[in-house]
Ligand SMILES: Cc1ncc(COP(=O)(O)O)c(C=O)c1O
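First, one chain by itself: the form predicted alone, in structure tokens.
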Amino acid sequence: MLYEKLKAYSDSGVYPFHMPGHKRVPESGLPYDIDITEIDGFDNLHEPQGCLAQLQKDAAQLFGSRHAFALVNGSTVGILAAVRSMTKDGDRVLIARNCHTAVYHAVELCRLDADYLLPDTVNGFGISGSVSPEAVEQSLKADPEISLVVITSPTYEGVVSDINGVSAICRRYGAKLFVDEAHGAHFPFSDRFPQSAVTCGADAAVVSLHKTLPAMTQTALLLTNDDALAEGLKRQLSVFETSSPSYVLLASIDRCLEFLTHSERAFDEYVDRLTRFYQAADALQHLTVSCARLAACENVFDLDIGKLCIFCNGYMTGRELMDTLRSDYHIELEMAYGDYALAMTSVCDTDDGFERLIRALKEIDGKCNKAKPTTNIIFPSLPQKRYTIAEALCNDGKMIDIRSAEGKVSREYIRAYPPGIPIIVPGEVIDSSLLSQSEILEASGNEILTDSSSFPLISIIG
């Protein structure tokens, strides 16, 4: 059933402006005939000495790091292993609030005490800006016990932080820096993209090959230049990553690395396609796909031009735009959130794909009528924390309607999907701002998810 469904979608003619980055273009000859286990001659991912050791050595060289660990459980397993390797039980950590759920799960599993850093909202765009070195220093100065800083760079929308500056601040205060760089695996392969995190001094970073490169879903790399940390990462990967790694996925990593070895022309062509697309998008009268305007904003340090954020400016919601592109133009985007929708591109996108998208946007743009006032989905302040995540989950709870939960302490995560970033975590007080923003999210077509999957009922402590 699933296989037939996947084949039907593959043959439908829908153009994939979403992950994975291979865009179903490469003819790889993968799955069943090469699906094996750790038989003689094929090495062991958790103690590599042969072909898998060479694969990881090749990856490290291509990505400019001393060590690279191949991941077949996605960036999630790299995040879990890295946070565990870089902390001890009960450590104080600083987390950018727009980090992925996997970071919060690492905090939970490792019983850490998290402080949060809320990135500024980019004026006029309603998305999170960069994490500044100054904000990190302010937090570290206020709490010298913080041992680890975790930030996401690039964000889902492509906003990049000053990793050089943040890493220098972390070193000054004796904290480690881990960067969730899942959406930036393509950075090292063209000077039109920002520099990669490990190149800029991060102690470790994770990159998802499958998001923006020709590799299968769940393939990623964990990178570090620290020899001692590499030993800890290896140990924790043996805990968190499957003991029966998929050789189909490992082969996909290998094919991706082979592609990257000879990819200069392909990336030049990719950047040319992006440049032509942005030039064509300048003609839009109502919708906006403005890389230059966003990059020029004060709290945006750098930007990944491969993320196409299509802002609707009140003429429709991002969800309405996404639905229209799907139903009327057979174009599937990555996500919609509030007033914008996101088209993810990769080196495997085609001229035809970009042309289909800009033609569709121009047609939709021409049909736009009167704009409505827009309400950005932003969280101007952090909720009050009463317990650590682990402490909250150890408390007894009861289910109540979220509309009656103001002032109560949440016992579960509440997050909008996409993008899956928590808007409240266990142990935090539910306030009026959260309630109003969750209503706006629902009205914009975003799904509100909780651990118990019973929203609007949620579990509170009590």
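Quantities reported herein were computed from a predicted structural model and do not represent experimental measurements. One rule holds for the numbers: they count along the sequence shown, beginning at 1.
The same protein also exists as the form predicted together with the ligand; that form is not shown, yet it is the one meant from here on.
K.L.:
For the chain shown here without its partner, which stretch in 208-216, 325-333, 159-167, 255-263 has non-hydrogen atoms within 4.5 angstroms of the ligand in the predicted complex?
P.N.:
Selected stretch: 208-216.
K.L.:
With the partner left out here, if you bring back the ligand in the predicted complex, are 74, 180 and 183 all within 4.5 Å of it by some heavy atom?
P.N.:
All three within 4.5 Å in the predicted complex.
K.L.:
With the ligand left out of view, which of 196, 128, 152, 85 would have a heavy atom within 4.5 Å of it in the predicted complex?
P.N.:
Only one option qualifies, and that one is 152.
K.L.:
Using a 4.5 Å cut on heavy atoms, which of 79, 321, 146, 250 is close to the ligand in the predicted complex?
P.N.:
So the residue touching the ligand in the predicted complex, by this definition, is 79.
K.L.:
Residue-level question: is residue 286 within 4.5 Å of the ligand in the predicted complex, judged on heavy atoms?
P.N.:
It does not: once the ligand is placed as it appears in the predicted complex, residue 286 has no heavy atom within 4.5 Å of it.
K.L.:
Is there a non-hydrogen atom of residue 100 within 4.5 angstroms of a non-hydrogen atom of the ligand in the predicted complex?
P.N.:
Residue 100: contacts the ligand in the predicted complex.
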